[in-house]
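Given next, in structure tokens, is a single chain: the form predicted on its own.
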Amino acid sequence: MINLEPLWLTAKLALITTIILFIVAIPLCYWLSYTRFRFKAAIEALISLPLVLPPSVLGFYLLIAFSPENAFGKFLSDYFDLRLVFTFQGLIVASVLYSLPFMVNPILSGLKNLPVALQEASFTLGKSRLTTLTKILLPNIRTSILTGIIMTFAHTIGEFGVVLMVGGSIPEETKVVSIAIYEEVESMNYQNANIYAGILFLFSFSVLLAVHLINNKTRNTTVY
């Protein structure tokens, strides 16, 4: 019988990460879509960096940064009594950084594909930027938003390298499903590893199927 705690911890981490990234991504994507900032391309490249950067590399640098022995980690520990190494809070921060492009890129792509005239017409009618964003722009990129939410949640579920480096394997604290699979294989307990892996496999397939069904349904339908 497998321990259900890693499953619950993984779902909790994915949910919190997805909520945080959704709140962060909406204003960030709106700004990136319409700003003429000179270094916008560099910011977009930095956001997408986790897509090509090995998870262990990002996890290593986060481990160094969060360590109380270094300036940033010591600052957090001394002034905020916050420890991010080998804690659930650290996993949240690491997951937010690692999953950032999975939320930002679909929403940003959706906003960029909207005609500029849509926003200009809203401004002409006296609507504020906030009203334009929430009442005009976001409803027209519902598919992009849903894709970002689903992909972020699924990606966080499957994280390994980053969570291993930053969180280690502390039961009921940082031991998520991917770490549980690794440890079960190391212990040659292939039956439990197979159950954990099967759950992740079915979940990942269901998520991708949902994304493709949503995209296929709305591919030829655009509402402005």
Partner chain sequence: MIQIKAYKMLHTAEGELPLDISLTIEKGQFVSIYGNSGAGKTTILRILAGLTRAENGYIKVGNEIWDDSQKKFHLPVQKRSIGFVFQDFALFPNLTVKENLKFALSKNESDEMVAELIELMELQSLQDNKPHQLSGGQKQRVALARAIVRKPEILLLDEPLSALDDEMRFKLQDYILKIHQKYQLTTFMISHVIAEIFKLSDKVIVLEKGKIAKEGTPNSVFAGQKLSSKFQLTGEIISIAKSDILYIIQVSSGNNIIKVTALEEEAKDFKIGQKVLLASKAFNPIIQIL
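What you see is a predicted model, and the numbers here were worked out from it, not measured in a lab. Positions refer to the first chain, counted from 1.
Quick note: we don't show the form predicted in complex with its partner chain, though the next part is all about it.
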{"item": "Contact segment among 95-103, 150-158, 82-90, 122-130, judged by heavy atoms lying within 4.5 Å of its partner chain in the predicted bound form", "value": "122-130"}
{"item": "Partner proximity in the predicted bound form: residue 146 to its partner chain, non-hydrogen atom cutoff 4.5 Å", "value": "no"}
{"item": "Partner proximity in the predicted bound form: residue 140 to its partner chain, non-hydrogen atom cutoff 4.5 Å", "value": "yes"}
{"item": "Residue 111: touches its partner chain in the predicted bound form, heavy atom cutoff 4.5 angstroms", "value": "no"}
{"item": "4.5 Å heavy atom contact, residue 76 to its partner chain in the predicted bound form", "value": "no"}
